[in-house]
Ligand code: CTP
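Just the one chain here, the form predicted alone, laid out as structure tokens.
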Amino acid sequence: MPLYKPSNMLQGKHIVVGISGGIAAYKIPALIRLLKKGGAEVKVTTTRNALEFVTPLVLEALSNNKVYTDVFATGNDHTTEHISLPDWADLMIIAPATANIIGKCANGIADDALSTTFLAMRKPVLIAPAMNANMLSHPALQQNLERLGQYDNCTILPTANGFLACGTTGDGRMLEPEEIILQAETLLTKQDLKGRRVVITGGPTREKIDPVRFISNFSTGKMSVALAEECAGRGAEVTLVLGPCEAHPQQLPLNKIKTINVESARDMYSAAVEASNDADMVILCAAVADYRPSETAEHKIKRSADDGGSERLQLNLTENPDISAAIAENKHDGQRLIGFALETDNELEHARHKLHRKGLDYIVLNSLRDQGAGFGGDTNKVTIIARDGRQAECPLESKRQTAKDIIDFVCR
């Protein structure tokens, strides 16, 4: 699991973390630390059994708040803590969710600090089950999970397969804190793209010279991945047509992204044109090679005349098909088409010309003269231009925040 990189989605959010008595409770201090790192304010409630695995002192030190462990404790901030916490919260996370607490929540039993808090919660609740594989597969537990999943505010995360505390290997592991927090971000994100289909192209393409050499560029695919994650997080059904690169999107249970891996510009053309037929939005973020070798050598081209080759290598290039032009030509009513332009001089003039020439609705301008923007890094600085003349300049920021700014602009 890649390291979690805080976004602004948790900034200022109020999150209640509910811990029940499973061995996976030892991971929850890490979850609290990540939530705090993302800018959230955290309060913790537990069952009494949870305190066999993690102490109130640790939880209070990490959350900077008292821990609610007993309905009738004299030290509670409020006499009705189980009501004040849900009123305060934007989101509740129950992790680990044992078979016991799942059964209570599913059937309206409220006899401890955690279950009473849940029953009063009307905000979104994210539930991360964790237990032995045999317990997980029991019909009673499955029935309780099904019932919980029918509640409007409850989201049940899947369990992972792996080594379990009982010494066996199987299904029942709680998802890692990084996976839980990414899903929490999704629940706190506006779902303005729910039901929409979005196609995004990203990364470089490779045009083969011979079996071991190719023409390509410095694109890492990071911007396209950030856009795919942003759109999926806002409820869209996303298809990412991705050239050869190391970047890849997080595959989360509630916002999955279909990735189509391609190599050449012609591969990307075929995949992108087909996928865009029924798309509501197409974002052309890939750095597609404009040209390819007219012929690809069947065997490796030798370096010098001594090896049977030539002292000079001359490549004849032919133009690749224009993906954006093909999609624009078949653009249907209501479909938004967004392109990218990477320029080195007369940036705005060239970007506006490309916007109209290619039949785009919006274009996102990068300049290689802006430090921290363009290929390779984790930050970007862009100007977004609309066909109707509207324009927005985004400061240097993370590529995920840039993705958010772009989607906010085109969805106005």
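All values derive from a computational prediction rather than experimental measurement. We number the residues from 1 along the sequence you see.
Form predicted in complex with this ligand: not shown, discussed below.
Chemist: Can you pick the one in A279, V225, M92, I323 that has a heavy atom within 4.5 Å of this ligand in the model of the complex?
Modeler: Checked against the cut-off, the match is I323.
Chemist: Within 4.5 Å of this ligand in the model of the complex, heavy atoms considered, which of V238, A286, L175, L126?
Modeler: So the residue touching this ligand in the model of the complex, by this definition, is A286.
Chemist: Does G339 reach this ligand in the model of the complex if we count a contact as any heavy atom within 4.5 Å?
Modeler: Within the cut-off, so yes.
Chemist: Does this ligand come within 4.5 Å of any heavy atom of E60 in the model of the complex?
Modeler: Residue-level check for E60: no, no contact with this ligand.
Chemist: Is there a non-hydrogen atom of R369 within 4.5 angstroms of a non-hydrogen atom of this ligand in the model of the complex?
Modeler: No, no contact at 4.5 Å.
Chemist: Is there any non-hydrogen atom of K27 lying within 4.5 Å of this ligand in the model of the complex?
Modeler: No, K27 stays farther than 4.5 Å from this ligand in the model of the complex.
Chemist: Which of 27 to 35, 51 to 59, 351 to 359, 379 to 387 has heavy atoms within 4.5 Å of this ligand in the model of the complex?
Modeler: Of the options, only 351 to 359 has residues within 4.5 Å of the partner.
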